[in-house]
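Coming up, as structure tokens: structure 1 and structure 2, two forms of one and the same protein chain.
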Structure 1
């Protein structure tokens, strides 16, 4: 893609203003007897799968006519395969939705040539914040407990990765800032596959988004085969990185960086890391209707997700499956979409240069 970040932001902003007006003017659609297909562009083992499978039955109950909601996994090319497929679809009857993630947003932000999709064409109806947790095998965590990060700086780490231009760039850059030698094995289809590599001993460092950590890694922690290291953190109202509300007892990457010689929490590298963290996590997962969606359809799905959020038991059931994060609809979802699909030019330039120098990735 050759569209500039500024042009993208303007296009998405225009879409947001039109969609916001639509919420007040639509009358809804009836989905009785129909099946809603929810495309997830990853494998069935990762955080996006956990997120979609959590919401799918609730969405079925909340939509008019209680349609069947089926999650369809379409992994490939780090999620761009599924996103490109969705871009080609036109709105029909409200029975097709798409679940995006940070690993879909980053190739878009970086101008990856495989990207054929345009967020400004889609219609967001839910934006879900999340977090991420890095963890280690107990032997390496034990060394670090005695001597800090410097005690493992000489280790050779293997990490299962979806790709350097995906959400994985956030942990990869973080580990490099800490002075670790981490070699990614590219090509896995979802973060759950990276966790499986860790479980089999094929990788000795990993991270998972919160939903996948809670369901897939917490049992490993209880069994003593994995040790949490740090979370990426969350943002407060002033945009500062603070402890993740789902993991309040866990230090943030910023805290670990502050305590590590050679790791700086100011300057160009830090600004780039934080910019992509902000783009990738506070609004990491989003639900979209395709291009051309009617006002009635946007109203229907927005109202359904608002009804889900208003359930008396939602805070309890979502905390167990997704963590404690904002679930945004309406104007909040539009603002989240804009923050997730634009980064400062300086941050993009730094990351593009880093990807080329570190991994030989060219984005032309």
Structure 2
């Protein structure tokens, strides 16, 4: 063994011990003077933009060489355009990353013909979760408190929806499983519009993601014009649905379903719901490096996101903007990616079939 190889071995050993556990062995890349482009396949105005705008400046500080991190919006075709674009990109110097969302995952899971991308090719470096809360107007909530879900199963429910193939699939399927007669009113532009419809008394059932619930619905709950019903829940390390850490006092959909006649927490329908819930909420937003990214780059980004999570003020600054949810890196992110992009064939078939029968949606 020559001196140079010894020092190299030593250097590798040192870097390995410095680098994070999951991808030990990388050198890390230096991004000094470079500009990192973060592609978001949505417009400047959506939730993914909010998420990326939150992380971008932090990422810039945390990456070696403090590169400029710019968020680039590439909306179109329900986010499949931006994702297809990213699929075509080859790894170059680690200055290109991609932020996907539930709306990118769903068409992939459902076999939308526009999807030309493959999650398996990409390298995940961060997975951000969220949750969702369903709520009702006080009169219906009161009826239900007295007589259980069956007391409101005869009601005519109106729900403002963005489309049955979007994230709304999860609540729509949930309500159907509970035996509620919910008519979705399509054509709203965002969940905020759905909440407004609820506030105007036109819709009488709604759900919001956690951060929107905290900012938009919690004041209504306080004022007595809305009553929270259940959260969709969160996943524990073994993949079980447990109470949402942001709303520990709220029952999960699983608990509500268990208590309701005719709603099963096992079987194909349940598996399908759970699969799409996992794809849509606990692993909703992910950051990827393109196909063929070097181990060094993956290590560097993973370390950067871990550094962000380790910031003293992270809990404080993220709570308001992202909610109290796991921001997963390394192996955890891998697991999240797996559960969000691999849906059992029966579950997929069930949902595709259900969408066709119930809403006339064909994915051709």
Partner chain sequence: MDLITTALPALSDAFAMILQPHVIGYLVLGVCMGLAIGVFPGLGGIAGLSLLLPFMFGMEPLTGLALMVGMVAVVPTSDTFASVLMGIPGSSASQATVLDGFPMAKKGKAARALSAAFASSLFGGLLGAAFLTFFILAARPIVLLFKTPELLMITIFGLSMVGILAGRVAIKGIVAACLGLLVGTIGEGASAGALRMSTYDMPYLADGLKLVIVGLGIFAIPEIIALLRQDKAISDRAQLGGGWLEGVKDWWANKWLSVRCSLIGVMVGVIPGLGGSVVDWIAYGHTVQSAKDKENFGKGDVRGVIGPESSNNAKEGGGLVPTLLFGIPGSGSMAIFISGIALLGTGSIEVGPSMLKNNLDFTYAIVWLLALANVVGTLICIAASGGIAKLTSIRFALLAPFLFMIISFAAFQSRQDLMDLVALFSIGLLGILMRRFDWSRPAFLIGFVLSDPAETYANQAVQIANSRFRKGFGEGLEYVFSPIVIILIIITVTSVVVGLRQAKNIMAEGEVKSGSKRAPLIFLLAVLGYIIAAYWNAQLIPDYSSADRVFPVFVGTIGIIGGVILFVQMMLKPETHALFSDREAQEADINIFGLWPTLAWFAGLLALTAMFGFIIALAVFLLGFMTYRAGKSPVFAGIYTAAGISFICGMAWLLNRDFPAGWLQTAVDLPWPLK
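Positions refer to the first chain, counted from 1. Predicted model, so just to flag it, every value in this text is computed and none were measured.
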Report summary line: Check against labels, form predicted in complex with its partner chain ends up as structure 2
Report summary line: The residue among 163, 107, 343, 217 lying at the hinge of the motion of rigid parts between the two structures is 343
Report summary line: C-alpha based rigid-body angle between the two structures, smaller part relative to larger, in degrees, is 25
